[in-house]
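Below, in structure tokens: the form predicted on its own, a single chain.
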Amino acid sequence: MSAPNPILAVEHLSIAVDTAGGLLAVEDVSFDIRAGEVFGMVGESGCGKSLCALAIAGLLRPPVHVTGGAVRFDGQDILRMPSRQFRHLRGGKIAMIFQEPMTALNPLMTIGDQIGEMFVLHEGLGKAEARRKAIGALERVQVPSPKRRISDYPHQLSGGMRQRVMIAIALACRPSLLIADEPTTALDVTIQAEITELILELCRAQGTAVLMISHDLGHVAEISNRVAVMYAGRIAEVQTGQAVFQSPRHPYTSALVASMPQPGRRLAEGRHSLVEIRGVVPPLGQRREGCQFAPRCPRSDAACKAAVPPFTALQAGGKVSCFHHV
């Protein structure tokens, strides 16, 4: 059961790419995020999870645009909010961390000026006070020698340090919601867990809700209160992080779990075996009627190919879109 007043409620969101045919990239997506919750969104590349994040942050640009639905933040539909009002909201109450910090940071501004800008724009501080708070923000994300580093430019920092700066910028004004779109993808594997834990630790301390987007189901399930699994522009299943990994209900989620290396699953010669998900995700221009996973699904029948399965409510607030869920 959803909380009475979620901090974010996405309702029947659809997003199209303007082409000759007007292709729907995201269709009828609904979920909510509660205050202080870590909500995971997982799926293969091209499933629409990043488009959902950009729509929530108000960062979609032509030829991509919202064609239907609502995105309610603290009760207000931000899709219909005046642009000036929403610009104040973004960065202040809603923040985002991107995959690649080198392209997200301004190469012509010092990191101190980029962090300080958040305090100037959203808290009305003067430059001297904003600089002081920027140093404190760098200290919180554990950047060494923050008083010296504040005068550096992005190219003078390592990838991990640049991502720490992005975290400092995103959390500077203590937002109510942080959108983290695969925030460790561009980083060396040895520091990915360190950066993720830093994000979660700071958000817990501030009471910030997190939308954590990833293609790694195991990682997201471990750190999230609830997880939405997306496939070809739609949500297939929403469950608690533990349940979605240990008791998946949608065939696609089950296939994802089965395809992951697990202790005890071995071939005769002692190697770990991986279970293949046969077929491919349908390209955007080749999506068909009915359940998009039906051509790859061992449980599918004529009904699956004719109509999109409605959502069935599961325990603990979960739901699954499948005629033959287990």
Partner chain sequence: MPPPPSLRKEPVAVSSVLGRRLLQSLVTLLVSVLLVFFMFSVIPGSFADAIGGEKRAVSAEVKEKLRTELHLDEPLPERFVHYLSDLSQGDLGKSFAMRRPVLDILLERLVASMRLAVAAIGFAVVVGVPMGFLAAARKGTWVDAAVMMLAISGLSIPGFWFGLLAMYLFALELRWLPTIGYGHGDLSHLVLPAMTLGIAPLALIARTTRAAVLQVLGEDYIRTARSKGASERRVVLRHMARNAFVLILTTIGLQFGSMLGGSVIVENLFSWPGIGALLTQAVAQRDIPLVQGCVLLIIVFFLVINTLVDLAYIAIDPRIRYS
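All values reported here derive from a predicted model rather than from experimental measurement. Residue numbers count along the first chain shown, from 1.
Beyond the structure shown, there is the form predicted in complex with the partner chain, which is absent from this document and is the topic of what follows.
>> I'd like to check something about H215: if you look in the model of the complex, is any of its heavy atoms closer than or equal to 4.5 Å to a heavy atom of the partner chain?
In response: So H215 does not count as contacting the partner chain.
>> I'd like to know whether A205 contacts the partner chain in the model of the complex, with contact meaning heavy atoms within 4.5 angstroms.
In response: The answer is no: A205 has no heavy atom within 4.5 Å of the partner chain.
> Counting only non-hydrogen atoms and a 4.5 angstroms cut-off, does P107 reach the partner chain in the model of the complex?
Replying inline: Judged by the heavy-atom cut-off of 4.5 Å, P107 is in contact with the partner chain in the model of the complex.
>> So, R72 and the partner chain: in the model of the complex, are they within 4.5 Å at any heavy atom pair?
In response: Contact check for R72: no, nothing within 4.5 Å of the partner chain in the model of the complex.
>> Please determine whether each residue of I235, P251 and S321 possesses a non-hydrogen atom within 4.5 angstroms of the partner chain in the model of the complex.
In response: Not one of the three qualifies.
>> Can you work out which of T103, Q76, Q246, Q142 has a heavy atom no more than 4.5 Å from the partner chain in the model of the complex?
In response: Contact with the partner chain in the model of the complex is made by T103 alone.
> Looking at L54, A294, V257, L284, which has any heavy atom no more than 4.5 Å from the partner chain in the model of the complex?
Replying inline: Among L54, A294, V257, L284, a heavy atom within 4.5 Å of the partner chain in the model of the complex occurs only for L54.
> Going by heavy atoms within 4.5 Å, which of 121-129, 205-213, 236-244, 187-195 lines up against the partner chain in the model of the complex?
Replying inline: Result for this chain: 121-129.
> Which residues, if any, of 45-66 lie within 4.5 Å of the partner chain in the model of the complex when only heavy atoms count?
Replying inline: Heavy-atom contacts within 4.5 Å come from L54, L59, R61.
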